[in-house]
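Single chain ahead, written as structure tokens, the form predicted on its own.
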């Protein structure tokens, strides 16, 4: 059992609160039973740390004290289990794609990832300007679904050009003024771009879209947040 804050494993876990250490070590932390189970199912676990005297339902674990868990977590109530996970592997794109331009809110990003899994998207491409995929709030908001979809963090324009010209994808953007209602076109693969909560899709990206969509809603409601808009559009495009 680990009891000391000076233990090398504990020191590493504390450092992984910082984005630069996540990138340099290619490791990140998930907290809580559900996230740990999803990581286990998808073979992303390096090591599991379990509160001393808790029932072990995970296999090979390292026991730690409650004080160690408090030191590692940012949560008010520390979880009884955490896992050290390998960074997600980026894979080839096969199906429909969701592109996220400058999404800043971690709760929005996490919810969008959950919805993308629910509505059968193959890949999410997150712009470099967006909040980090490994932000703890993003990870928690995904409810473990980040382990069930291909996620790439990179510039969007090169991917749009490749999908559009080489792979014959239909590129959808959003435009509340000049858009059309979303409609499923199941025989054609598509990429859907969702823009920043504050400013929408960048003009340079919007110019590359084949079609621009809008969501019909009551005039009393000026706009929806990014995660709700993304969820509605993904549902409509994949009916």
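Source: prediction; values computed, not measured. Residue numbers count along the first chain shown, from 1.
Heads up, the form predicted in complex with a further copy of the same chain isn't pictured, but that's what we're talking about next.
S.K.: Report whether the minimum heavy atom distance between residue 215 and a further copy of the same chain in the predicted complex is within 4.5 Å.
M.R.: So residue 215 counts as contacting a further copy of the same chain.
S.K.: Under a 4.5 Å heavy atom criterion, is residue 235 part of the interface with a further copy of the same chain in the predicted complex?
M.R.: Result yes; residue 235 sits at the interface with a further copy of the same chain in the predicted complex.
S.K.: Indicate whether residue 111 is a 4.5 Å heavy atom neighbour of a further copy of the same chain in the predicted complex.
M.R.: It does: once a further copy of the same chain is placed as it appears in the predicted complex, residue 111 has a heavy atom within 4.5 Å of it.
S.K.: Does residue 131 reach a further copy of the same chain in the predicted complex, with heavy atoms at most 4.5 Å apart?
M.R.: So residue 131 does not count as contacting a further copy of the same chain.
S.K.: a further copy of the same chain isn't shown here, but in the predicted complex, which of 165 to 173, 78 to 86, 117 to 125, 95 to 103 has heavy atoms within 4.5 Å of it?
M.R.: Result of the contact check: 117 to 125.
S.K.: Check 40, 46 and 65: does every one of them have a heavy atom within 4.5 Å of a further copy of the same chain in the predicted complex?
M.R.: Answer is no for this spot.
S.K.: To verify the annotation, which of these, 73, 148, 135, 153, has a non-hydrogen atom within 4.5 Å of a further copy of the same chain in the predicted complex?
M.R.: Result of the distance check: 148.
S.K.: Across 209 to 227, which residues bring a heavy atom to within 4.5 Å of a further copy of the same chain in the predicted complex?
M.R.: 215, 216, 217, 218, 220, 221, 222, 223, 224, 225, 227 sit within 4.5 Å of the partner.
S.K.: Taking the shown form as reference, are the C-alpha positions of residue 187 and residue 118 brought closer or pushed farther apart in the predicted complex, with a change of 3 Å or more?
M.R.: Between the C-alphas of residue 118 and residue 187, the gap narrows in the predicted complex (3 Å or more compared with this form).
S.K.: Over in the other structure, so in the predicted complex, do residue 187 and residue 216 pull closer or drift farther apart at the C-alpha level? The difference is 3 angstroms or more.
M.R.: Closer is correct, given that in the predicted complex the C-alpha spacing of residue 187 to residue 216 is reduced by at least 3 Å.
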